[in-house]
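The chain below stands alone, shown as structure tokens; this is the form predicted alone.
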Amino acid sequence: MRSFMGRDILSLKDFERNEFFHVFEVAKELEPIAKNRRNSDLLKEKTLVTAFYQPSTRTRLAHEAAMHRLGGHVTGFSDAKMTRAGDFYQESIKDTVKMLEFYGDVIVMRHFQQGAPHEAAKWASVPVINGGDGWGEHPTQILTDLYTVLQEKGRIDGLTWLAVGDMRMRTMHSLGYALSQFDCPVTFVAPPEMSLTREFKDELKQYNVNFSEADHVEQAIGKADVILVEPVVQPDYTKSRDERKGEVGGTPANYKITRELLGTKAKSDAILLHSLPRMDEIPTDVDITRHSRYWQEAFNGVVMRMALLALVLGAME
């Protein structure tokens, strides 16, 4: 297995099966630190730089919380407007990252431009972690989801997935690439204008992913062990900020997971994941059902980032 020390975490295309399980093992070892709400000194001499050109609550703060839990330091920015890339100068990624590499030991970047973290990694002498790039990928989120499934179900192989939402989304791309390493059939449910692109379907076939498509969640929810949901009411991820103006509409019933649907159609032990934020695709009365795991997912997001930071900075092998 390749060493994680100094490694960029850009895409789950780069991950081999044994590497997934190694990250999960490290996460499990570090989990008690977060669970006991204490900090260690594992990364006390290291600094994380957050370069967020797009809004974020969970991804940015989970990385920052992870660094603090490991005793490290954090600096960075949370909005493109706070940088020279977002004003008159329109500073390039190369010029920006050549400065950021002197300010810390690892960079986590979220950007509205697909491929931006990959471009940053070309120029940075420190590891770069992709915190979401436009419609590209979101590897740390899907690593979190898989770790949550492993914790809740005790396994990943042999579980059937249902993925509901906008299939252009970065999380869906990372999910597809990740499931290529596991024995997990997945059914995708999306509005026609948000369905799997021809190019992504070709990639999934190339990676031997066992996938199918359906028009309505009711057609597939009965077989699902894991239900992963994302909104179909979406902002434009190619913008640094897409603020809603007026009514944006609601989620059609085809793509909504309700308490009634879970109670009448889903397996009794099916688990429901959502990376958040949500619109109305999961009503709040679902939160207290036995199926919901998105709050546990949020906790695991800190644990997963702890594992990745410890690995790429060489504190864990």
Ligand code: CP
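The first residue of the sequence shown is number 1, and the count goes up from there. In this text, all values refer to a predicted model and were calculated from it rather than measured experimentally.
Keep in mind that the form predicted together with ligand CP is missing from the display, and what follows is about it.
Classify His138 as contacting or not contacting ligand CP in the predicted complex by the rule of any non-hydrogen atom within 4.5 angstroms, answering yes or no.
Heavy-atom contact with ligand CP at 4.5 Å: present for His138.
Does the 4.5 Å heavy atom contact test between Ser56 and ligand CP in the predicted complex come out positive?
Ser56: contacts ligand CP in the predicted complex.
Residue-level question: is Arg110 within 4.5 Å of ligand CP in the predicted complex, judged on heavy atoms?
Output for Arg110 is yes: heavy atoms within 4.5 Å of ligand CP.
At the 4.5 Å heavy atom threshold, is Leu276 in contact with ligand CP in the predicted complex?
Flag for Leu276 set to yes.
Among 254-262, 285-293, 35-43, 56-64, which stretch has residues whose heavy atoms lie within 4.5 Å of ligand CP in the predicted complex?
Looking at the partner contacts, the answer comes out as 56-64.
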